[in-house]
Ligand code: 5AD
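As a starting point, one isolated chain is supplied in structure tokens, in the form predicted on its own.
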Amino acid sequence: MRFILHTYGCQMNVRDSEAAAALLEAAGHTPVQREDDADLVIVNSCSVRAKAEDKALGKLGLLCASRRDRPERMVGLMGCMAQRLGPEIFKHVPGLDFAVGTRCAGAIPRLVARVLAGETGLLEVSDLDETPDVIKARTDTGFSVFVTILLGCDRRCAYCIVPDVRGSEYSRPAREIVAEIRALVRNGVREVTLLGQSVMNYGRANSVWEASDAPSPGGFTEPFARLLEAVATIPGLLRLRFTSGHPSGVTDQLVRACATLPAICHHLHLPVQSGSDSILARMRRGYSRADYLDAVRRLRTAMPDFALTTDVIVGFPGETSDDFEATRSLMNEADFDNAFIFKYSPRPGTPAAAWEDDVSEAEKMRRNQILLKDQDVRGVATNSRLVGTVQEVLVEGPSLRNAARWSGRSPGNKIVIFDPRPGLDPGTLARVRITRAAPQTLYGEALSC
């Protein structure tokens, strides 16, 4: 069958979709780029916010309706929404052929075969204690890849459904991760992003280093810092990133690893969610405003060029105008390079879902727009400081908006648009002098090597 996957949500879902595609190809199916060409369409879903589920449900409804004209088309669902809803998903989406939860993407080829044999309405969800055996499945990798190092999450923030749909934390053995990345680099990969729902928790829930493993050359003893060192020193790897972070993970060893290992990019996505201590406590985030700002200070003291992006929730139950202004002031003090701002939506089964959703939709939207405008102003100011500098850009290829120009990313994860030069291929490094700045984009000219 010809297939396509539509992915909603985080980088973990992107990686899961890559694994599912690899398994389908291994089973003899063929990927296509256009939905119209596909006989099998799979939606990989996200449950973090109601809007993400609504998008997936809307897409699935359209796909199932399209079978009036294409009765042979197969429609499947994978990911967090399938895990959360279980058998109920078939009531929400009549005509859905199969659904697969988290940590069991390996079932997809088998379920596809069963649907081809005449079955339908098939479901497979995980008990969330299993380690998926498909975590390393890949197709053509390109030059930049995600590598999952930690599954699940143990934090239990009051608003978050992730522990229920992704399970408890499990860290992959360090030796296995390093071997996987060595093989990827041998095959042409130049940039790796280490993934985990709370990636800096790596090694806290289970043992990851063996007694026979060589000691850290840099004297790192914390599991995550030691892994960063082991990966960052792999010959041929140009860049190493990791996401998503938590302030508790910004230890002295983490800061030292980022500051001293050249391959580690000076950028971290560090969700703050709120700048109010009372809201942070209700959210069960596990840190105070002062804790968060201290993590920011220590990163930027060691690395003045360190770029920080974040997530913020507005309209959390009980959030007053003063709480909102505390968030606004923290964002200014932290001087974020970019921020992703979301209106709170209750997630069924979480502690916060039982609380009154007492901030109106209109007020949530107002607060959302204020923070977005603030971030645009901050983004222009932050990026303008880079005008005239030369940035080392990992070339990605033609820009999505203007194929005559190319794009890439700086070490600080900023999109850089520039005119191409001969010899600059995707996956190579270009020196680009920045000539203009926008809130989320830099523009420049590539220099001769």
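Residues carry their position along the shown sequence, with the first being 1. Note that the structure is a prediction, hence the values are computed from the model and not measured.
Missing here is the form predicted together with 5'-deoxyadenosine; even so, the following discussion is about that form.
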query	finding
Stretch from 397-405, 43-51, 61-69, 416-424 whose residues place a heavy atom within 4.5 Å of 5'-deoxyadenosine in the model of the complex	43-51
Contacting member of 375, 198, 171, 273, with respect to 5'-deoxyadenosine in the model of the complex [4.5 Å, heavy atom]	273
Listed residue (193, 345, 253, 126) with a non-hydrogen atom within 4.5 angstroms of 5'-deoxyadenosine in the model of the complex	345
Residue 159, heavy atom within 4.5 angstroms of 5'-deoxyadenosine in the model of the complex	yes
Contact test in the model of the complex: residue 313 vs 5'-deoxyadenosine, heavy atoms, 4.5 Å	yes
